[in-house]
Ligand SMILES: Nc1ncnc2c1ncn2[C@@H]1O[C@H](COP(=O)(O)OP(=O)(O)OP(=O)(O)O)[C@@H](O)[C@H]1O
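The chain below stands alone and is given as structure tokens, in the form predicted alone.
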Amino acid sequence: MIRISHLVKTFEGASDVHALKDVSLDINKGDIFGIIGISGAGKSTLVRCLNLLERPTSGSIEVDGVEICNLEGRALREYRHRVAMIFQGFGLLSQKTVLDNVYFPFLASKGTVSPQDRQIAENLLARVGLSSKAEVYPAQLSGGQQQRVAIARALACNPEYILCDEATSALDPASTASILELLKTINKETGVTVIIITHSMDVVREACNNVAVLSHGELVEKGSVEQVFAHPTHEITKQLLGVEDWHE
């Protein structure tokens, strides 16, 4: 599991920006967990702390009982192999074929791609329904198809955690539904923990089991999706749900 304790992230400058303020949160192994908030809430900073693209200012993050905030060198590289990222902009290499993109993690880590690596990549493309697109280029695909390629690439290193940073916000509703269904299927089949960063309550409703709500860097609400949707307690949650006057 992931245990976040009293996490603080401050970006120092002429005027300090307090992106995260004393955030504490548990994410259970195998969950599909949503982190939601409006722009500037701190949700992307939080996910960047989870994979150590940003170092927290203070507090701790324990992953399966191991404190990760001070990892360096080989230990950091090994940890990042366990944590895959899926981005809003897909992050595909435009000059590489779809298959090349999927096995790129093998090339990046080992400097070569074995026949076994290629077979794994082909199997992953089949898993996301894109076997027929192996030799085409990303520009020839729809947005939803490109995100499927990004998911296949994320799975190449057999991660334990997948972090999705606004992974569906550039997609149309049909493609969004398809990607969320794919993530749910992968979670069910592999047990991988999926953390979805989003500004959309519809995404949380469709895919997540539990949710945390951030506002101006603070954790203002958390619980099961059913609980939070049925009985929101914070004004920002009600705003995200489109509830103007919440009275029973």
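Start at 1 and count along the sequence shown; that's the residue number. Note that the coordinates shown come from a computational prediction; the quantities given were computed from them, not determined experimentally.
A second form of this protein, the form predicted together with the named molecule, is not displayed here; the remarks below concern that form.
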Q.
Just to confirm, with a 4.5 Å cut-off on non-hydrogen atoms, which of Ser44, Ser200, Thr190, Asn209 contacts the named molecule in the predicted bound form?
A. Ser44
**Q.** Sole residue of Leu240, Ala19, Val228, Val23 within 4.5 Å of the named molecule in the predicted bound form, by heavy atom
**A.** Ala19
Q: Establish, in the predicted bound form, whether Phe104, Glu160 and Ile186 all lie within 4.5 Å of the named molecule, using non-hydrogen atoms for the distance.
A: no
Q: Tell me, please, which stretch of 201 to 209, 218 to 226, 63 to 71, 32 to 40 lies within 4.5 angstroms of the named molecule in the predicted bound form when heavy atoms are compared?
A: 32 to 40
Q.
So in the predicted bound form, is the named molecule close enough to Asp100 to count as touching (4.5 Å, heavy atoms)?
A. no
Q.
Is Glu166 near the named molecule? Define near as a heavy atom within 4.5 Å, in the predicted bound form.
A. yes
Q | Stretch 1 to 16: residues contacting the named molecule in the predicted bound form, 4.5 Å heavy atom cut-off | A | Phe11
